[in-house]
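Let's start with one chain on its own, the form predicted on its own, as structure tokens.
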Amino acid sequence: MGLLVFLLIPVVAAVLSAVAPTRRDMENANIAGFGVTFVLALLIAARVLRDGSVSLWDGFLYADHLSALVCLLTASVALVCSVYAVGYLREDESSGLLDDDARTAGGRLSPPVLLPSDEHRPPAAAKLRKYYVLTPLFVFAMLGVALANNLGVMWVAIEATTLASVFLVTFYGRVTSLEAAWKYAIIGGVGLSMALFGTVLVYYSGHRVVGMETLAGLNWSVLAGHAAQLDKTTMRLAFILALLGYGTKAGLAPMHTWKPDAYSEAPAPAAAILSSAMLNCALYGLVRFYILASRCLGPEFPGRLLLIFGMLSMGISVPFVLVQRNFRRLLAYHTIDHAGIMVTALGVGGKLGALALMLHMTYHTVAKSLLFLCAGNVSQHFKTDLFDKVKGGVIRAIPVTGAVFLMAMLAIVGMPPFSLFQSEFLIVRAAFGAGHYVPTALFILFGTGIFAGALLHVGGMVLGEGQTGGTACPASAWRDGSMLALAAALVTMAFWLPAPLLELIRGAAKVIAG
């Protein structure tokens, strides 16, 4: 029953936030709920390490090493971001950004240009309640993705992540926010409709083989054991549709266009969750279909498709990173690049490719979440998201944030000794060893372009010369404490992984590689 309790804790936090009389009560409900969720995620991971898998209700809820790892990463990000959100949203409220007269037509912090509908805008208290109710529901949906054994239920849970997060994108109520949310909802809906058709085809392919005419015929743990007997033609089409559908949710090119807008409009803690935990859930759904397809068709067919989409995503990110003027949009394109990196690792396949994928997912979750929290601090201090409007070096104005921002950027672009260098080196080694010479060369070329663009912009912003600018916002232990906790984890992971976590990662890689 621990799986059920684990799922319900975020729902309880959302309900408590909905009825909480004060802002402090909503903050406490979120932090306490995600704290309990994190502890339960650790307990589930320990149980999986001991027993191999955990299930409930005849396998309706199911956790293996892969599920447990995704749940643990999701719970970790949710907890850190819930702490950061306290300081971040308090600063937004005190600066008037959440007030009725702060809505603008242009950008995040343009001079106020009131719109005709401003009189109907909800007050700051309603906005805060919306955030503190929707965020636990968002996390609940992501945990449901990881624990749903039934592929149909997993699709419903992924759709639920869109329904919860699209309103977080509209949080500030600007015209640009509404446009970003509309693009996110439409493109995501089209993508997930293709994933639904892929799920239906898997059921059609497998229900007679499995001998189940009920929805239990969609249980992944059952289908995986009979994958070799599934209809091959149907599974080819099913995998293509799943790749397009869940690839859209992950932001793979060319289905990536919603991502920069959504990430730049959502509050920084919500953007951190979108860029790490939700990306992991989308890739998780794709991985489940890849396992079925590779066992049915062999790894060559799904592997070739994944390599194409991985290389396309990495390649299309390079020019946008090189010419980018907005640092939150730069992080969004960088996330598209890393989605391509992880899909490339999955396409390479084999034990080494699967291990590299799981390592990269773990390291990327920490580093990208940290970058968005740093970006939130810079944005609040300088009242802009644009590189050329940040006067002077960030490291002079807000030294701790500036130092951590630069360190996290060095880590995310794969500079040694940081951990993402290790995972990317493993991907190159696995691809070269499998004879994928052209993808290996392109991987290195695109990685070099991303490295140059990201460090050029962020390095100049952090270390630039000139007068210190920005209206200083008060220091916040909530924001700085959560940021430093992630920074400590990032540095620690460069040299050491706890043995249970490493065993969980290896177990997840074994689930993929077989």
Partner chain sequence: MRWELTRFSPGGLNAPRRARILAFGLALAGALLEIAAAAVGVLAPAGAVFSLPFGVELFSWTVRLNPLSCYFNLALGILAAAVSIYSFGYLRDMEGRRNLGVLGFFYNVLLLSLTLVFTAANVFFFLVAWEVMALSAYFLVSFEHEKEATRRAGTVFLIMSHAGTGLLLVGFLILAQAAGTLDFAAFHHLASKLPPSQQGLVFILFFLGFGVKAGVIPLHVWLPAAHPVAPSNISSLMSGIVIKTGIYGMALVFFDFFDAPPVWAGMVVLCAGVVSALLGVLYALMEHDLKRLLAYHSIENIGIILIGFGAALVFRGMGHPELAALALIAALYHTLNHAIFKGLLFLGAGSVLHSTRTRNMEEMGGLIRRMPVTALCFLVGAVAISGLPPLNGFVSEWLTYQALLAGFGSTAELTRVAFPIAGALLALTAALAAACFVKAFGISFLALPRSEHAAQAQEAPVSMRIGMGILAAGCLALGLGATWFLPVFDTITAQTIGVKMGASLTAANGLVLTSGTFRGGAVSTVGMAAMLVLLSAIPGMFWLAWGRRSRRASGPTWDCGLPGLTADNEYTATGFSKPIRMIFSALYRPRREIQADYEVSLYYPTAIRFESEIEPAFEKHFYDPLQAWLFRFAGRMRSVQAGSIHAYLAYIFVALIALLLFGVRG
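Numbering follows the first chain given and starts at 1. Just so you know, these numbers come straight off a predicted model, no measurement behind them.
The form predicted in complex with its partner chain exists for this protein as well; it is not shown, and the discussion that follows is about that form.
Chemist: Indicate whether Q380 is a 4.5 Å heavy atom neighbour of its partner chain in the predicted bound form.
Modeler: The answer is no: Q380 has no heavy atom within 4.5 Å of its partner chain.
Chemist: Is there a heavy atom of L490 no more than 4.5 Å from a heavy atom of its partner chain in the predicted bound form?
Modeler: Answer no; every heavy atom of L490 is more than 4.5 Å from its partner chain in the predicted bound form.
Chemist: Answer for T448 alone: is it within 4.5 Å of its partner chain in the predicted bound form, judged on heavy atom distances?
Modeler: Result yes; T448 sits at the interface with its partner chain in the predicted bound form.
Chemist: Tell me, yes or no, whether V348 is in contact with its partner chain in the predicted bound form, where a contact means a heavy atom of each within 4.5 Å.
Modeler: Residue-level check for V348: no, no contact with its partner chain.
Chemist: Let me know the one among G35, G59, G459, G481 whose heavy atoms come within 4.5 Å of its partner chain in the predicted bound form, would you?
Modeler: Only one option qualifies, and that one is G459.
Chemist: Pick from L359, L371, V80, A282: which residue has any heavy atom within 4.5 angstroms of its partner chain in the predicted bound form?
Modeler: After the contact test, the surviving option is L359.
Chemist: Its partner chain isn't shown here, but in the predicted bound form, which of 185-193, 285-293, 69-77, 84-92 has heavy atoms within 4.5 Å of it?
Modeler: After filtering at 4.5 Å, what remains is 185-193.
Chemist: Within 4.5 Å of its partner chain in the predicted bound form - does that hold for a heavy atom of every one of L241, R429 and G464?
Modeler: Checking in the predicted bound form: L241, R429 and G464 are all within 4.5 Å of its partner chain.
Chemist: Can you tell me which bits of 476-496 touch its partner chain in the predicted bound form, meaning any heavy atom within 4.5 Å?
Modeler: Result: M493, A494, F495, W496.
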